[in-house]
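What follows is a single chain, given as structure tokens, in the form predicted on its own.
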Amino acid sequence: MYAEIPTGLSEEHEAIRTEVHRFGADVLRPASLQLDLLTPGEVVEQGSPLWKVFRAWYELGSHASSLPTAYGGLELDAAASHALFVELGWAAADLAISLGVAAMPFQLAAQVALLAGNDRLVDELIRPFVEDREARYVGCWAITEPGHGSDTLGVGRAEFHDPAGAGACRARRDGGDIVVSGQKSAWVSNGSIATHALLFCTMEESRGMAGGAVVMVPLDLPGVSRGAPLDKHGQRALNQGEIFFDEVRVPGWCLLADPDLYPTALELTLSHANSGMGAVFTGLARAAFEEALTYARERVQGGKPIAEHQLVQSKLFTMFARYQQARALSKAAMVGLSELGGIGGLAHAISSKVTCTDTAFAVASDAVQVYGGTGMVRGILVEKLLRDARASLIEDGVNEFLGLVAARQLVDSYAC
């Protein structure tokens, strides 16, 4: 196999990357291939390979890799986090997203707790999540609605402040509690299995999308119900499903951001989500390239391995170069975002997400082309990689709209 450029990680973090790669090869990829063949209902059933993945990941303690050491987390630096998510994406992008989203509510709650000193968050949610080794705490990011998709992410755009565009899932204060009513759409990742939702909803309709709030909602509260998980073309191991809230009463200490803080909280969350997507799909691009290279060296046509034909060599080099570009950009974006404290780097995070997902789809498509007809057969890894990569151009914001959000950021604040 070709030699990778060194990661530049510390010895400790390189050992973590190696452990995660082994976990990906031994646990994640085989489980993802199994789950790809199941119905959505079978995927989330107790006893399915999905739960073996979650328990193995939590047993490693890697679910708390980004949480502060003050609360018992590993608090990996950005370079190590990038390497971790590349390895997860290499193994199985769908499960990588599921595992990443599982930690999102607790990560944001930890940041709020550090700033505001919210002991209830720490004692009742953050520490129990960090100490969890049986996947009893699983998060989801509930932001999309039946009537709102990528527009919920338009922070900084004029439409974001239009009252006519306010979300339909509403929260109101009632004494010391927050009461939530409405629906989140079937595209909520981990929506079918989550125990806690990082809920983005509307609190002040007059401000439009900007009048939102972020609430940590335990999903075992009265008034919460769910729909069936989606039956999707790709990323089938990533369960997604709708969540309904009927006058759900949430303790006031679960409010992570009110309307005044909402745009900042959204930018922070979107930046981290998009930079994570960049890393995950850099990993998928690497997997597609490696599969194509291995196959090209073994497949004989015209009396010699197809890797000896110049047209195939040209395609392999293009795939390799695209992957290396994605690797460099996704790492730069994640490291730079960390140095900025998560705010002010949204355009860079979006650039990483859009570029790396486009790259993953292009490289996976080329891998199928190298395989020829065999690459179209279910059960062949590159066929699944292509389907999984296609979904990435839409999730966490369609790439075209995200580009407009980034452009607004650049026009308003970019300094030459």
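Keep in mind that what you see is a predicted model, and the values were worked out from it rather than measured. Don't overthink the numbering: it's just position in the shown sequence, from 1.
If you look for the form predicted in complex with a small molecule, you will not find it shown, but the lines that follow are about it.
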Open item on the list: I need the one stretch from 306-314, 220-228, 140-148, 206-214 whose residues put non-hydrogen atoms within 4.5 angstroms of the small molecule in the predicted bound form.
Closed with: 140-148
Open item on the list: Only one of 188, 319, 257, 273 gets a heavy atom within 4.5 Å of the small molecule in the predicted bound form. Which one?
Closed with: 188
- [ ] Taking 4.5 Å between heavy atoms as the contact cutoff, choose which of 153, 88, 237, 334 touches the small molecule in the predicted bound form.
- [x] 153
Task: Partner proximity in the predicted bound form: residue 246 to the small molecule, non-hydrogen atom cutoff 4.5 Å - done: no
TODO: Find out whether any non-hydrogen atom of residue 19 is located within 4.5 angstroms of the small molecule in the predicted bound form, and reply yes or no.
DONE: no
Task: Proximity of residue 397 to the small molecule in the predicted bound form, heavy atoms at 4.5 Å - done: yes
- [ ] Tell me, yes or no, whether residue 170 is in contact with the small molecule in the predicted bound form, where a contact means a heavy atom of each within 4.5 Å.
- [x] no
